[in-house]
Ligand SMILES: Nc1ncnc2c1ncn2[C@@H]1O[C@H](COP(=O)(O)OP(=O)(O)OP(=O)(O)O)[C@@H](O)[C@H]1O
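The chain below stands alone and is given in structure tokens; this is the form predicted alone.
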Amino acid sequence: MSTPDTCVRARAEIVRLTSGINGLDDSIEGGFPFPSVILVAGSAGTGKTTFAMKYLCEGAKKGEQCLYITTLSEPTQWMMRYAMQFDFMDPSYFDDQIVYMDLGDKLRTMKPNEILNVIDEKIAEVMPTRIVIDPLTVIGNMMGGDYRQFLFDLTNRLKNWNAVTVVTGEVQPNELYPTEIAYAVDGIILLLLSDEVVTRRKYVEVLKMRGTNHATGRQPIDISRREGIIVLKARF
């Protein structure tokens, strides 16, 4: 008969999905927990969309199905015009491994539950391993008092699918992350600008990652055409 001293508690193995961000996976035990919902938050110009695109291209490169949902009513060709400046982008990914969905018009005409159903239907059609919603915070300006409940329902539905969803959130001055969704997500990654005006630097910080012994504190990053976002310590 086993005693408390002789019992070994089995720890469930967490499957992980690589982020595609050079140097980040080393600080989160190899990648994002699968499935999960990850918030990537930052102010304008910190690299949120670049992060999201690199994450999707990492999956496409491996033959995974991916779904990119935009809330900005932005035509595919307009988004591609800028995304194709990065070396890691391959136009053949789109409409094949990466399916593009524009949610902008629906946000203006549909009720919250209808929008949730549209997202569910698209996920069921594509069956993606990776999902991006970019940017999520735009929805709050259109929903008013229904926004918090919408976010709760959205994150719960996303967790029911076999996918890792990255949602991006724009922050206000002196705000680290959008508080309305932070409690419901499995991970929070901050993209930050230093306070120095003359020599501004960009940083990444893993604030939260459930089931993960993650690194803490800010790590400097760079954004280049060749690699997208890279955690600088990864070069050494």
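Residue numbers run from 1 along the displayed sequence. Note that the coordinates shown come from a computational prediction; the quantities given were computed from them, not determined experimentally.
Below: the form predicted together with the ligand, not depicted.
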task = Check whether K202 has any heavy atom within 4.5 Å of a heavy atom of the ligand in the model of the complex, and answer yes or no.
result = yes
key: Distance check, P33 to the ligand in the model of the complex, heavy atom within 4.5 Å   = no
message = At 4.5 Å between heavy atoms, is P178 in contact with the ligand in the model of the complex?
response = no
Partner contact for I14 in the model of the complex: the ligand, 4.5 angstroms, heavy atom = no
note = Of 205-213, 49-57, 178-186, 25-33, the segment with heavy atoms within 4.5 Å of the ligand in the model of the complex is residues 49-57
ask   = Who in 199-226 is close to the ligand in the model of the complex, meaning a heavy atom within 4.5 Å?
value = K202, I223, S224, R225
